[in-house]
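Before any questions on binding or motion, here is one chain by itself as structure tokens, the form predicted on its own.
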């Protein structure tokens, strides 16, 4: 199932399929390791809820919900 990154449940892994942000933001995300074909796991929400913490390539990354909404991921059916 393909969905956006901000909609996957806690402790769920997905494979990044596409990043649909502007060019500058996409380059910044790629420099952090977020690129097509890489596994990413939703760890938890930040205390105020406007950002979420993800684990990608053994690194924790905090992304705002509006950015996570523009990252398409494929989640295996058994993890839903």
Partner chain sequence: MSRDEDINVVLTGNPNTGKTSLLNALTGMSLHVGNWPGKTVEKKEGCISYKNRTINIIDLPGTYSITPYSEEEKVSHNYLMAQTHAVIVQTIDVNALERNLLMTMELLALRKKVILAFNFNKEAERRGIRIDVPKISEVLQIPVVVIEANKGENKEELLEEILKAAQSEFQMPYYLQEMLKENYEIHHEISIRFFKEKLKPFYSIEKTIQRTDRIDEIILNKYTAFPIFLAIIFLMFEITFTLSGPLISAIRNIFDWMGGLVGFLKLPGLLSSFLSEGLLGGVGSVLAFTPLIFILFLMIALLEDSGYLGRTVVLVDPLFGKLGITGRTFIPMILGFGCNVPAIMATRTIKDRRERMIAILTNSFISCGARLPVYLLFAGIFFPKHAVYIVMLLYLSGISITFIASLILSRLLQSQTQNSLIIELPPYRKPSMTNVLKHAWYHTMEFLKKAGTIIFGSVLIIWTLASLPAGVTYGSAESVLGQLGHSISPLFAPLGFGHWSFTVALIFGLASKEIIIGTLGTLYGVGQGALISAIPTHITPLGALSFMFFVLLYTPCLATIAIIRQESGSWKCAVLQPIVTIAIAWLVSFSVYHVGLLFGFH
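Residue numbers count along the first chain shown, from 1. Small disclaimer: the values here were computed from a predicted structure and weren't measured.
We do not show the form predicted together with its partner chain, though everything after this point is about it.
Residue contact with its partner chain in the predicted bound form: residue 25 places a heavy atom within 4.5 Å of it. For the chain shown alone, residue 72 is not a contact residue for its partner chain in the predicted bound form, no non-hydrogen atom being within 4.5 angstroms. For residue 35, a non-hydrogen atom is located within 4.5 Å of its partner chain in the predicted bound form, even though that partner is not displayed. At a distance threshold of 4.5 angstroms between non-hydrogen atoms, residue 13 is out of contact with its partner chain in the predicted bound form.
Heavy atoms closer than or equal to 4.5 Å to its partner chain in the predicted bound form belong, across 50 to 68, to the residues 51, 53, 55, 57, 58, 59, 60, 61, 62, 63, 64, 66, 67, ordered by sequence position.
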